[in-house]
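Next comes just one chain, in structure tokens: the form predicted alone.
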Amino acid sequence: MKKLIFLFIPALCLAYLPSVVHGAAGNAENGKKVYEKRCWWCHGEKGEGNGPAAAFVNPPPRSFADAVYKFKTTQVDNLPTDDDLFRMISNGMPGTSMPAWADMLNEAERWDVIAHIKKLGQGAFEESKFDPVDYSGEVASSPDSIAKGKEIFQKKAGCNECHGEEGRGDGIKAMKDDIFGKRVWPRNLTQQWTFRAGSTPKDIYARVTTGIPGTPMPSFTKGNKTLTNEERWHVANYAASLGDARKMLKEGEKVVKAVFAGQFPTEINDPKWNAVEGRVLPLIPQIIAQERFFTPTNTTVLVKSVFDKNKIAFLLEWDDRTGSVAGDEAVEKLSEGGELNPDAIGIQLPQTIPTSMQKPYFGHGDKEMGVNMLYWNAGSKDKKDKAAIYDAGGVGNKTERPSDKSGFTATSQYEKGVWKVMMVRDLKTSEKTDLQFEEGKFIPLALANWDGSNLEKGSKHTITTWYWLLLEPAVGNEIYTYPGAVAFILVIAQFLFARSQRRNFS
């Protein structure tokens, strides 16, 4: 029996060995075939990051020829391990055009691709060391560690210079990619679902330790801002605590619910907004009409809505690394190409509530079904907060009309990397082309957003598809009085029935 066990254990180990060995020695010829079918469109024939799709993605594709890799679990001057590369290829890179290939390429094909892209590095992998990051001395996350990490983040390490006071990537500092010379933005640490190599304290500790090669993100193990091992763990715990789940997309949420307000919010920071449930809507590039747009920076908008007997209000909140107001010289220095357009946002609604599931064409409506656009932009240093209403009946068919006849106003606030815009409009108006809001009806709603420092203006912007707005009917006292009255009637009826039955048997 013992002999059988000793024979069985090596056999069991050998069953797991092929994938490990394959990771170190994938078939580069097979990998080249997979690469030429799947990867070269972005990364280029020779892996130089210059494929035909490269100009349409942000950030730019990785240049394998330069052998500079951002995310790894090896020391500062080392290249990534095969396992690091396998993880990136399998899981993709959130917030970029790099997809997860685990569903399209089998394991052997992924290892083969790794063998090929290592060859594109022109011998760099043969010369590199692969010393792993030392995770010893890990400090468990706690209120004390987070407080210490915040202090180090804002003072000793100066992380706030790029990432901003609250980690939203809004530090006023122009940065360029070391390889392509293109502008790069610091990570928004509150949007941890966009982290490209994990968002646990251990993952963040590795980034703080090794830096992110090819970007301005340094290693904090050397230089004049060197942090001890313990300090790096505190910073990692603090960064991991910044996630803002309110702004995370949730699958299946298609309805923005406007709630009835007994007391209408009077301003953006009115505490009444805190009790209102919001919906996060994803922004996508506008690639339908000229001039098309492919490289957005803003990704989502949090929408809240309330109404009373006379008015409806929307609170729109989104993260934006720069508050772009025309004439702001500090922001202009960060702008792509030195041009600065005002930030802006718009709500699109049908002119009439559809009686079926049919909706207007979401790009400015169409001739059969026109749309209203409630629009705001940040204006200029001399005149902020432009508010306007437009009617549209298709692309290129848009006219502005007076806002006051619809009771439309828009106010804004930019603070620590966040725009908040409050729009208010009358529920009912005398304008023939105005949507007349009704309770209990599903009303199509879509958004458009412009990031001025990203050269966005005109048709170059992000949009959402159609979602739904629902004005939830106000709940009156009848919700309490009707059930009570019914219960009272039932009790009386039962009493009378019982008494009549006693008489029949007496």
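Don't overthink the numbering: it's just position in the shown sequence, from 1. Because the structure is a prediction, the values reported are computed rather than measured.
The form predicted in complex with ligand HEC exists for this protein as well; it is not shown, and the discussion that follows is about that form.
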Next on the checklist: Would all three of Pro59, Ile212 and Phe220 be in contact with ligand HEC in the predicted bound form, where contact means some heavy atom lies within 4.5 Å?
Outcome noted: yes
Checklist entry - Out of 311-319, 90-98, 268-276, 343-351, where are the residues with a heavy atom within 4.5 Å of ligand HEC in the predicted bound form? => result 90-98
Next on the checklist: By the heavy atom within 4.5 Å rule, which residue out of Gly327, Pro216, Pro282, Gly407 makes contact with ligand HEC in the predicted bound form?
Outcome noted: Pro216
Checklist entry - Which of these residues, Leu79, Cys162, Met373, Val331, gets a heavy atom within 4.5 Å of ligand HEC in the predicted bound form? => result Cys162
Next on the checklist: Since only the chain is shown here, I'm wondering whether Cys42 would be in contact with ligand HEC in the predicted bound form (any heavy atom pair within 4.5 Å).
Outcome noted: yes
Item to check | 4.5 angstroms heavy atom contact with ligand HEC in the predicted bound form for Ala157 | outcome: yes
Item to check | is_contact(Arg38, ligand HEC) in the predicted bound form, heavy atom dist at most 4.5 Å | outcome: yes
Checklist entry - Are any of the heavy atoms in Arg425 no more than 4.5 Å from a heavy atom of ligand HEC in the predicted bound form? => result no
Next on the checklist: Only counting heavy atoms and a 4.5 Å limit, does any residue of 297-316 reach ligand HEC in the predicted bound form, and if so which ones?
Outcome noted: none
